[in-house]
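A single chain comes next, written as structure tokens; it is the form predicted on its own.
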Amino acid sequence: MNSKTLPSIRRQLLTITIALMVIITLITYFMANNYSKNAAKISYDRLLASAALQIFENTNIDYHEVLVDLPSATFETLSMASNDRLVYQITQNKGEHLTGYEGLYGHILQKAGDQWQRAEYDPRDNLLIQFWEGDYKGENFRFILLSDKLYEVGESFDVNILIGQTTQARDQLAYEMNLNVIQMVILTFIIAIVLILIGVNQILRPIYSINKKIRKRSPTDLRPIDMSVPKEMADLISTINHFISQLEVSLNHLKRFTGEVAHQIRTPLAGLKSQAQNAIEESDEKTRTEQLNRVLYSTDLLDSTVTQLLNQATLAHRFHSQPLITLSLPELVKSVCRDVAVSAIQRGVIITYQGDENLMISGDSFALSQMLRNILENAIKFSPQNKEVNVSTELHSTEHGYIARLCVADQGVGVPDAQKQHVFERFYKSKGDPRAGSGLGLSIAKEVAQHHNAAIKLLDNTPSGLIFEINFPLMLTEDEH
């Protein structure tokens, strides 16, 4: 055997499933990690925005001067992130310092350049809230810049509130959220793997059961496999049962064939031995010649029987191994007629053929040739000298459609109606007829006809003789091709 052993189905299922789980887990992790960072950033950005708004609401104009009253609650809220540091500066107009870290506003504006990001939310439409994140004095800061105008009669002031906060608290929040997600993903992954293992074993259990059931059987146990299996395996069980039934038919056929061969060969051999011994002991020359002639006749009969048995065994094998093909029935018939024409002429019998030339059937040319040869040899054997055996093919119409009909008509003595039903039986021979052969030729012809779904029957010919009529299912004609 050259078949290559493939990896087990269990291993393939587990490999594919675990690979998919790993990919899904990695995708989930990266999505969760991104979500955690965004969620932490938005939360602390809103705190910064709220603080900037509160400062802006406590900024007023008094006698052409901008006054800032820093709300203590604002810085208490921001100081809840105890590990973070805060820096701020409030300026007016073009950057004039009001309060906070002097120079911070100009430094950050120069460093951030045009990389400010406008807030995705804006509690008041006329406010400009922007964020920037970057390095400030060796630490990573998140800055918010709120810009708006304050109005006094006939005059306006630009107010810029810049607040910066280190990102340790938001990084810690993102880390904790991400850690919770990772723990949940790992737990889900482990549970999924366990469930997958259980599921794969459950799916493969019917295969193990079938294997165990077949392995326990003895070689002679050819009963069909009867067990409940999933729908996907029902076809496999059906196929296995089909092969078991075919094996049983083949073994029964082989057993019957062996028994028949033993019987049909052993009996003639015993007769041959007895006749040969009698011929040796016989002193009368005339009687010895008659005994030797009987030996020759028995030898020919035994040879015919062995040949037919071998043909039958060959056909039985072809029935299970050769597919039927589309072939021309007239061409096959004419070929067989040519093959037996010489032997027919030697017996003084003429074979004629007529019929349609475009009948196509589905069949095995070897088996059909063997069938027709047996019928023709039988017709020639029982035909008187100088008579004809007429072979014909025709397209015949029935109530179920068209069929291809093959007829072989001889002008012999025919067969009585009472014996017609026995003609196709194995080893059937007409009693008292010295021309009887092995008794297998016509039974083989019937088996070949049945294999081709063809009906074979015997009819009386006029004024005498028999007609073998075989009706085949019709395939496409050559013209239709």
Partner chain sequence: MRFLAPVIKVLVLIYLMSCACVSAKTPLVFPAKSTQKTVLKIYGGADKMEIAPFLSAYQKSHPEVQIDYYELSTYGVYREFLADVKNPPDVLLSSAMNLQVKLVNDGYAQPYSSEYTNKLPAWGKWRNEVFGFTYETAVIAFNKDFLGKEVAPSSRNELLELIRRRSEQIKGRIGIYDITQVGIGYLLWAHDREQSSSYGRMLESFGYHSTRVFRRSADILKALSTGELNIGYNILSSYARTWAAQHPNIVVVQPKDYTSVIMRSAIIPKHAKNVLEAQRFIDYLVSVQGQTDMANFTNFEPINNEVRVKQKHLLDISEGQLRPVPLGIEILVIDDQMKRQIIIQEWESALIEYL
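On a predicted model such as this, the values are computed, not experimentally measured, just so you know. Positions refer to the first chain, counted from 1.
Although it is not shown, the form predicted together with its partner chain is what the next lines describe.
With a 4.5 Å heavy atom cut-off, would you call residue 393 a contact of its partner chain in the predicted complex?
So residue 393 does not count as contacting its partner chain.
So in the predicted complex, does any heavy atom of residue 100 sit within 4.5 Å of its partner chain?
Heavy-atom contact with its partner chain at 4.5 Å: present for residue 100.
In the predicted complex, residue 76 touching its partner chain (heavy atom, 4.5 Å):
Contact with its partner chain, yes.
Determine whether any heavy atom of residue 69 comes within 4.5 Å of a heavy atom of its partner chain in the predicted complex, and answer yes or no.
Taking the distances in the predicted complex, the answer for residue 69 is yes, it comes within 4.5 Å of its partner chain.
Can you pick the stretch from 331 to 339, 211 to 219, 158 to 166, 304 to 312 whose heavy atoms fall within 4.5 Å of its partner chain in the predicted complex?
Looking at the partner contacts, the answer comes out as 158 to 166.
Identify which of 352, 202, 283, 82 has a heavy atom within 4.5 Å of its partner chain in the predicted complex; exactly one of them does.
Here the answer is residue option 82.
Please tell me which of 139, 357, 260, 248 lies within 4.5 Å of its partner chain in the predicted complex, judged by heavy atoms.
Selected residue: 139.
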